[in-house]
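What follows is a single chain, given as structure tokens, in the form predicted alone.
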């Protein structure tokens, strides 16, 4: 099972903080984070990797990016 976080409309560092809160509080091993700008895409991906997660894919859909990650 995976959890989806919708961080569209949030400016950095809010998407990163939301992602970090989810990592710390959730037992999920898969996450999907949706952001709507390149800076958030890069920052969330970097934060996930720094926490030992593996970014398994990034899908671009119009202005949105769907970041898929699993616990490493």
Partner chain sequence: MKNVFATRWGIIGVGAIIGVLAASLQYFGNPANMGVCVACFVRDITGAVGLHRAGVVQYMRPEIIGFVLGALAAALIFKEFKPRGGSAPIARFVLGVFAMIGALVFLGCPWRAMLRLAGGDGNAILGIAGLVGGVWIGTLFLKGGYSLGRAKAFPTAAGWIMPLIVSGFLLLMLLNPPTSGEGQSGVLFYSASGPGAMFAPLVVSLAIGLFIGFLAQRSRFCTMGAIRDLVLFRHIHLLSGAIALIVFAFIANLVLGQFNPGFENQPVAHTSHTWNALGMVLAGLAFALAGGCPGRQLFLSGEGDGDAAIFVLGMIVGAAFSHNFGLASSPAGVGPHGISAVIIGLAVCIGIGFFMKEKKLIHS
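Residue numbers count along the first chain shown, from 1. Just so it is clear, the model here is predicted, and its values are computed rather than measured.
The next section is about a form of this same protein that is not shown, the form predicted together with the partner chain.
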{"item": "Heavy atom of residue 55 within 4.5 Å of the partner chain in the model of the complex", "value": "no"}
{"item": "Contact test in the model of the complex: residue 5 vs the partner chain, heavy atoms, 4.5 Å", "value": "yes"}
{"item": "Residues in 10-25 close to the partner chain in the model of the complex, defined by a heavy atom within 4.5 Å, in order", "value": "10, 11, 12, 13, 14, 16, 17, 18, 20, 22"}
